[in-house]
Ligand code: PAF
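Below sits a lone chain in structure tokens, taken as the form predicted on its own.
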Amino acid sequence: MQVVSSIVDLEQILTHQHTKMALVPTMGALHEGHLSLVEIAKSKAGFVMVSIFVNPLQFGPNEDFTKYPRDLRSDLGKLAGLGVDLVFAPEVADIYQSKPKEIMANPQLANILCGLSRPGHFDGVCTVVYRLFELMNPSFAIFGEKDYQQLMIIQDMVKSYKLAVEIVPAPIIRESSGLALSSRNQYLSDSQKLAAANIHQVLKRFANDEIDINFARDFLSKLGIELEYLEKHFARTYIAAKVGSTRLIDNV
């Protein structure tokens, strides 16, 4: 498994690749959900790449960019032995050597759900993903369905810019409680994690029309969870909620 941070080193390696390549873009703090994406990548291509980059453009001024968990050594340990060929772990200056080409997300997809409380977030996501595709030229890129809104936006970006990459969706990986795996779960205390499992239960019940939004908000509030949204779009149901200061999302 080769690990590089500079674009020069990346290009030297990729110049010699003559097989299809699959990319798993991540922000690190890897968990079993990320590792499941690697397995899908291995099934799609002969050369598997993982990027680890905490992208400042997708964090708002009051969000957790500086506190976002970073542990490259741990991440590399988790990837070792999984059949990953290349890990690209650049610094901000490596990715954005000059002013980045800004890629705007489709407003019809971006200005709802997470986009309402995180203005500019999906523009930042599109900008960095476009840049990674530009640098790494994958035939396939694997994105988890936990952030389904992001998945749709990336698919739309690829179509709009006619990029030669296939976006491969990957199913949500959950704990036995139903809580969707997330790098931000490590912010939660044991009691908060127990309470957070109710987010998925509320989501399923709302999706099945068993409860309404008022019941959901009151139920979660009693557990110390602040509901941000619980809505149906594009034949799916989405939720965002804060457990303490930790914002979690899910969908079914």
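A residue's number is simply how far along the shown sequence it sits, counting from 1. All of these numbers come straight from a predicted model, not from anything done at the bench.
Omitted from view is the form predicted in complex with pantoate (PAF), to which the following refers.
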query: Close approach of Ala105 to pantoate (PAF) in the model of the complex, 4.5 Å, heavy atom; finding: no
query: Non-hydrogen atom contact Gln150 with pantoate (PAF) in the model of the complex at 4.5 angstroms; finding: yes
query: Phe140: touches pantoate (PAF) in the model of the complex, heavy atom cutoff 4.5 angstroms; finding: no
query: In the model of the complex, Ala180 touching pantoate (PAF) (heavy atom, 4.5 Å); finding: no
query: In the model of the complex, the one of Gln58, Asn198, Asn185, Ser36 near pantoate (PAF) [non-hydrogen atom within 4.5 angstroms]; finding: Gln58
query: Interface stretch in the model of the complex with pantoate (PAF) - options 209 to 217, 40 to 48, 23 to 31, 185 to 193, non-hydrogen atom within 4.5 Å; finding: 23 to 31
query: Residues within stretch 168 to 199 having a non-hydrogen atom within 4.5 Å of pantoate (PAF) in the model of the complex; finding: none
